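Next up: just one chain, as structure tokens, the form predicted on its own.
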């Protein structure tokens, strides 16, 4: 059995969490989600040893980390929020991204010297967890629209996502300066990151527009799910053909 079996187990638990949610078993769904998160955490940690020696870059590979970040955000929201929202419904997109990770090449792209810095790892961690919050906000906004129960319970997810994503822009600039002697490059990766940041910066200013009510903001937040996906998944697809070690 390889370490990747842990990822399959986590995905199965996320699927069980969604099925239990559909069956109206809220506590069972949350328990399955927490179990999946624990197993997924173990997988992310063991990815650090995927090359035979400990290289922390493996723990922060974006597509494997995104469903982990979403699960963490849901668990914290459930425990800390006073809202009666069915947070467990987010097991659906969490499972979706876990499936994407299952079909994605699981090895580690050999890190170049400019990636062997703590700033690179902090960048990927904050970028991915920020995106996880944006995805969840889009999901809950869409659920509110289609169930005709429009609320702003997703708002805090966007705020935290924006904070984390802003930190990613700073740490990414530091990493870029160390690795490439510049804080910003006019390449697709940097521009796509800027698009996401500007999109949600605009959301935070919608309150200054009187005509934008709760429903309009919900549509904007829901569309953000696809904005993030369009501007982030492309880089992962581009890297699918890269040589890897450990899987």
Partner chain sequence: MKRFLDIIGDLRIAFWLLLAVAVIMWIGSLYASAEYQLFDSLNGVRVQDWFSEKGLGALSSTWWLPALFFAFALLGLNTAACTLRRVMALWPRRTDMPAKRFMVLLSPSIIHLLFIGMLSGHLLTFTALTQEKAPIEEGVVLDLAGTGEFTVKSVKNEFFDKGSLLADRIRQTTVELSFMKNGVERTVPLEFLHSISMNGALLQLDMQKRKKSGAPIAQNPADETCNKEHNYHYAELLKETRPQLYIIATRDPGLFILIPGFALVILVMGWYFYQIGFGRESKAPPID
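Keep in mind that this is a model prediction, so the values were computed, not measured. Numbering follows the first chain given and starts at 1.
Keep in mind that the form predicted in complex with the partner chain is missing from the display, and what follows is about it.
Sole residue of 87, 97, 175, 139 within 4.5 Å of the partner chain in the predicted bound form, by heavy atom: Exactly one residue meets the criterion: 175.
In the predicted bound form, the one of 39, 59, 50, 32 near the partner chain [non-hydrogen atom within 4.5 angstroms]: If I apply the 4.5 Å criterion carefully, the residue I get is 50.
Residue 214: touches the partner chain in the predicted bound form, heavy atom cutoff 4.5 angstroms: Heavy-atom contact with the partner chain at 4.5 Å: absent for residue 214.
Touches the partner chain in the predicted bound form: residue 26 (any heavy atom, 4.5 Å): Because no heavy atom of residue 26 falls inside 4.5 Å of the partner chain in the predicted bound form, the answer is no.
Non-hydrogen atom contact residue 45 with the partner chain in the predicted bound form at 4.5 angstroms: Contact check for residue 45: no, nothing within 4.5 Å of the partner chain in the predicted bound form.
Residue 78 within 4.5 Å of the partner chain in the predicted bound form, heavy atoms: Close contact is absent here: in the predicted bound form, residue 78 is far from the partner chain, nothing within 4.5 Å, heavy atoms only.
Segment that reaches the partner chain in the predicted bound form - one of 116-124, 67-75, 89-97, 143-151, heavy atoms within 4.5 Å: The contacting stretch is 116-124.
Any residue of 143-172 that, in the predicted bound form, places a heavy atom within 4.5 Å of the partner chain: Contacting residues: 152, 155, 156, 159, 160, 162, 163, 166, 167, 170, 172.
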